[in-house]
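Only one chain is shown below, in C-alpha cells, and it's the form predicted alone.
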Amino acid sequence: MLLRHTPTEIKERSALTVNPAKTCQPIGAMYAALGVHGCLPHSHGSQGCYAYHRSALTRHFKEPVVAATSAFTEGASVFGGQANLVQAIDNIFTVYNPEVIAVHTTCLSETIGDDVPQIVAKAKADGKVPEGKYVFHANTPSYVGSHVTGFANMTKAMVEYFAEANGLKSKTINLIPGYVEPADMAEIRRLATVMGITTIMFPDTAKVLNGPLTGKYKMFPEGGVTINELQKCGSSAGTVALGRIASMPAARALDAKCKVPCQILDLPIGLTATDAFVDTLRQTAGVSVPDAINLERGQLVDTISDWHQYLYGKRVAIVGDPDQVLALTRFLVGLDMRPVHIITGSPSGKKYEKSLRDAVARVPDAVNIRVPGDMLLFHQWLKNNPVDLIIGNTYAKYIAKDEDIPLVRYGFPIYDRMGHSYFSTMGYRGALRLMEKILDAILDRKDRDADDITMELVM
C-alpha cells in the first residue's frame, strides 16, 4: 500500500513537517480575489508559483481559473520586481480590461522585499491604471501561514483599500463567509435573503467558480462582490463574520476603520451553529425568522432524531482547515459521535486549540488534538487507535485506503470527486446533506462487512 511504511511509533518533531495538512497563502489569496466582480488575481513572483496556484484551484472547482503573473526571472530576483509588476499592470488593463487587479505576493517577492504599494503608486503615476480601475494587494508569503491565512489577508485588504464610512448607517448587513465553497456562500446569502435582509457578502465566489456552461466563455463571470459594494460596506449596520481564522481579521479591520460592529461566529455547520447564525442575523437586522426557515430547521431536527441510532458513538478522525474542523467537531459532538483524532495544518493559536478542547470535553474517549499538525502524525494516530470514519480532503484517501477506513471528503482540496462546489453543507439544508454523506459511508461499510447471515434489508 502507498503508506504501509508509516511507523506506529510516534516521535515528537519540532523542526520537521511531513506531508503538511495545508497549502500555501497565495492559493487562498487567489481564491478570495476571484470573489470580487471583474477581478483578475495577480501573482507577484515566478511563473511556476502562479501556475501551481491556478492548477490547484482549477482541479478543485473543475472551472478555468484566470490569473496573471509578474513572471520573475533571474534579473527580477536580484534587482527586484518593480519593472515586471508595472509592465504587468499595463498589459493586464490593456489586453484583458478587468475592473480591478488583486496583487498577492509570493516567497520570492517577499524575500527580496518588494514594496508593492510603492510599485502600484508608480504604476498609477505613470498612467498605467486607467480612470475608474483599481489595484489592491495583500502580502502572502508561502513560508508562513496557509491558504486560510492567505484568504484572510486578501479579504482584509478589501476592507483596507475600499471600505468607506459616509456618516450614515444603512440597514445592510455585511457577511464574511470564510474559506468555504461557492455553494456555501450562496446558501449563507440565501438564508439572509429569506429573512428579508439586504446583505453585502465579500468575497463571493458563487456564480464565479460554479457558474453555468452556456457555450460562451466569460473571463469575468457575473458573480462576485462589486467595488461599489465594498465601498458601501463601511456604512452597514453590522458585520457577521463566519470563522475566526479566515474571517475575523477583515471584520475587525472594518470595525476599526469604519466603526461597523461585528459578530464572530462559527461556520454554520449543523443545527447549533446555524441556530446561532440565524439568531445573530435576526437580532442584528431586527427581523423575525420566517416559517420557511423554521420548516428547514424542523426537518433537520427530525432527521437527527431518526438517524441518531446509526451515528451514536461512532469514532471519527478529522483533518482540515481550522474553521471547518472546529465547526465539524462541534457538529459531530452534537450528534453524539466521538471525534478522537483532530488535526489542522494551519497555525491557529492557543485560543483556537482551547476552543477545540472545549468542544470535545464531553467525549468519553481520549482525544488527540494537534494545532498545527501534519498528515504523518494523523496517520500514526490512526494506526495506533483506529476509528469508524475519517473526514478530510482528497489527500486523506491514501490513509483511508491503507487503514481500510471509510472517508467522507470535506474541505480543500477535493480533486477526485464532484459536487462540492454546487451542493452546500452550510445551514439546515447543508447539514442534511452532510449527515447523509456521513451516514452513507457508515452504512455502506456495514453492508460491505456483513456476511450472508448478518446482511440486513432494513437498517
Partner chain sequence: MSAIPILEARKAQIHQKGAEPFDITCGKHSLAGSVSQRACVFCGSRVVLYPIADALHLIHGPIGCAAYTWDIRGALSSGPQLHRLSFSTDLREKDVIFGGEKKLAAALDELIDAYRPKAAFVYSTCIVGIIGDDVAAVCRKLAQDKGIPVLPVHSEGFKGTKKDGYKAACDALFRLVGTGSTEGISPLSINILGEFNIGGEAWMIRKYYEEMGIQVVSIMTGDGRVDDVARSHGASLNVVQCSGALTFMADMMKETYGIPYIRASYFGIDDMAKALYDVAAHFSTQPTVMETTRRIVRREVSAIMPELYRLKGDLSGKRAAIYVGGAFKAFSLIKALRYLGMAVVLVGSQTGSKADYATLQEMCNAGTVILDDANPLELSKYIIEKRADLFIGGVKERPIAFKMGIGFCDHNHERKIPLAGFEGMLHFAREVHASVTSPVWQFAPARKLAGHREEEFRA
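Residue numbers count along the first chain shown, from 1. Owing to the predicted nature of the structure, the values given are computational and were not obtained by experimental measurement.
Omitted from view is the form predicted together with the partner chain, to which the following refers.
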With the partner chain left out of view, choose which of 193, 283, 73, 309 has a non-hydrogen atom within 4.5 angstroms of it in the predicted bound form.
-> 73
Work out which of 265, 253, 108, 340 lies within 4.5 Å of the partner chain in the predicted bound form, going by heavy atoms.
-> 108
Partner proximity in the predicted bound form: residue 288 to the partner chain, non-hydrogen atom cutoff 4.5 Å = no
Quick one: does residue 258 come within 4.5 Å of the partner chain in the predicted bound form, counting heavy atoms only?
-> no
With a 4.5 Å heavy atom cut-off, would you call residue 249 a contact of the partner chain in the predicted bound form?
-> no
Should residue 96 be classed as touching the partner chain in the predicted bound form when contacts are defined as heavy atoms within 4.5 Å?
-> yes
Residues in which of 326 to 334, 312 to 320, 206 to 214, 163 to 171 have heavy atoms within 4.5 Å of the partner chain in the predicted bound form?
-> 206 to 214
Is every one of 148, 157 and 357 within 4.5 Å of the partner chain in the predicted bound form, counting heavy atoms?
-> no
Counting only non-hydrogen atoms and a 4.5 Å cut-off, give the residues of 362 to 383 close to the partner chain in the predicted bound form.
-> 375, 376
